[in-house]
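Okay, here we've got a single chain as structure tokens, the form predicted on its own, with questions on binding and movement later.
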């Protein structure tokens, strides 16, 4: 019988829209897993959804505008279909709390970052009692045991840590994600082993400050009177995950430069499965600005760590984050940033215009905000320097044979396949025969651009082992 044949028999469906970082993407996987465990099916058609989830981010200033703009569109749909339930979750929900239902009273559930696991229960409660909001200040338990719905059978995110103990002046994450909590070491490894058993070949370890993983675990053991060796657990975790049979690629994001230790570099260099790619956020090349940001390192210390990583891993690709227009940034500060960016020779960079977030220290410095026209000019100058080094790094790869993990057809040309190298470089190529996502292939690089490579397929080296989609499971 067709599940859509009648209003009573039709399976209810959900639609999830995600804003922001990989952590939010992974939270959305868990929300989807919970909804599927409750009997709902996924839909990409908003008009067919019975539950709509907006999983929000609040890092950028326009996040609020995006959310309320989308909620405005949903109000019309809700007016025509009163049984439609709307959920707002994530960082903006954690920050704004009751403001969301004040501005959009038709929202059924507002749930924060610390209690994603209660989403379905709150939906059921809202059906009986009306709109509900539940915001916790700390996580009741690590979210690793929640069901997960993964769209990519060959690749998976693995949360190893939630929260952040840093106090960067521009960042609201500690306020909305809470203190650092590390997932138990053996739990992470067992989760990766289960993923490998299901055919996953690539995992990305996630944390707000991923390379401080385990610091809280060691502190808790010392407080309990246990003798704990002073060793970096993150480096050990990289080695353990990289040793899991079937896992061919291990990535992680994002480390903090002040916590990037020699042991982590050694683990990357000595563990074949750990990819030769390092995302190391710079934010600014000015020591004065870095101090105002409370980043905990100088430009030279940053470059020294980068040089150490490149000595140990000669073919290392490096990407970064840079903020333009932090309050009080002078022309000299910006020139220092351009110098460090040029010295860093990045493969690519995520560049951001400073965006004040209420509740952060930097947002209180409104008298020091840099004029928009100055920021715009600096942003363009930075783009030129970043793309110059990115193109040079990519041109040096022309003629080389790269192993790529096939991700599927190009968004711009369905006749062209895309794959990603261990260095996280996107390669476009043509295959004479259909090639399943999750396959490994060797491609010779023929052309370079600042943001991607072009290549020719040489041979397929491995076919995927995964099922079409990993079913809902607790991983």
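Numbering follows the first chain given and starts at 1. Treat the numbers as computed from the prediction; the structure is a model and nothing was measured.
What comes next is about the form predicted in complex with a small molecule, which is not displayed.
In the model of the complex, none of the heavy atoms of residue 154 sits within 4.5 Å of a heavy atom of the small molecule. Contact annotation: residue 290 falls outside 4.5 Å of the small molecule in the model of the complex, judged by heavy atom distances. Contact between residue 189 and the small molecule in the model of the complex is not found at the 4.5 Å heavy atom cutoff. Within 4.5 Å of some heavy atom of the small molecule in the model of the complex lies at least one heavy atom of residue 321. The partner is not drawn, yet in the model of the complex one stretch among 99-107, 348-356, 75-83, 193-201 has residues with heavy atoms inside 4.5 Å of the small molecule: 348-356. Taking 260, 334, 170, 252 one by one, only a single residue has any non-hydrogen atom within 4.5 Å of the small molecule in the model of the complex, and it is 170. When you look in the model of the complex, the only residue of 94, 119, 283, 182 with a non-hydrogen atom within 4.5 Å of the small molecule is 283.
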